[in-house]
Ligand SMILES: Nc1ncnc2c1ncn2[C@@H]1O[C@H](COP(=O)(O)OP(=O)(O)O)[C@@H](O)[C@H]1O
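Below you'll find only one chain, the form predicted on its own, shown as structure tokens.
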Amino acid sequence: MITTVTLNAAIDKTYFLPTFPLGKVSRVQRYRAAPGGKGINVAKVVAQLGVPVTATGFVGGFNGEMIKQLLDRMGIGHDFVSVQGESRVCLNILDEENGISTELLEPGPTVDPQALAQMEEKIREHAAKSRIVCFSGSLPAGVPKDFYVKLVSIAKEAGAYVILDASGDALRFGLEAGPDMIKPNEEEVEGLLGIRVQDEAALQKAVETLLQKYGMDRISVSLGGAGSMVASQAGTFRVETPKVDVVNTVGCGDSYVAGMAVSLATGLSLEEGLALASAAGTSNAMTDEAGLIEPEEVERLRGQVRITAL
């Protein structure tokens, strides 16, 4: 079992427009609405890869009910904490002519102390029966900046392998609890160490420093279309993904995390896991919805991922 945690769940709406001129009226002919937020995207991909998963987090209002109903339709288990207010809507506007994506992200509800305590109990319950717990995304209003410290600690005490995919203070504080894996980008690595990374050699040194400083199992640094660099206790690897026609980059990182979680839950080797995770992220880039992959495409792409030991 894998548990994903989305503290700021959302309804992801994608509008597809031939062009998106600013200051003009644009009529949407085609759109999608799906349950979203980073952890929910992870859950969707885990389910598509055939592994049992439960999604938890905070939801509120009519939007929160819609999130649960949409997950029900997908056959994805969930166990959310309900809060006052409305779960957010995250709007992605795709300019099909230019291939440009514009995101508008609402802030989400304000979480009260009682709901925070309920979430701690949810994590304690689900981590006890999950091999992997994935904490993903931003913190809504009312949630302390160091809340991931408490949640990661609870999950690890229950014996789960913890993946933390966050940024800013949420990541910085969360590291204090010793997650097993994080997935920062290059800019976040620089921020954590207070340095500037000039090239891949410097990046390698930086991620290896972070790995040893916090005693993690692995760190995967996204390099966008160029793939990733992964430092682990077994060594550091440069991962190159196959070139594809990119439709939408939203959710690719979440799909990567899902692939990594599935590889860990099913006992794949590190390099097999890197290939699966990279293929899942690449497959998501070829679709027009975050957290949507084609399992057959993932299998094809796995064989095209190049992994080089550094």
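None of the values given here were measured: they were computed from a predicted structure. One rule holds for the numbers: they count along the sequence shown, beginning at 1.
From this point on, the text means the form predicted together with the named molecule, which you will not see here.
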property	result
Shown-form site status with respect to the named molecule as positioned in the model of the complex after superposition (2.4 Å backbone/C-beta criterion, 3+ atoms)	open
Distance check, S228 to the named molecule in the model of the complex, heavy atom within 4.5 Å	yes
Non-hydrogen atom contact G253 with the named molecule in the model of the complex at 4.5 angstroms	yes
Contact of G57 with the named molecule in the model of the complex (heavy atom, 4.5 Å)	no
Distance check, V246 to the named molecule in the model of the complex, heavy atom within 4.5 Å	yes
Contact segment among 191-199, 217-225, 119-127, 155-163, judged by heavy atoms lying within 4.5 Å of the named molecule in the model of the complex	217-225
Residue among V51, L264, A285, L70 with a heavy atom within 4.5 Å of the named molecule in the model of the complex	A285
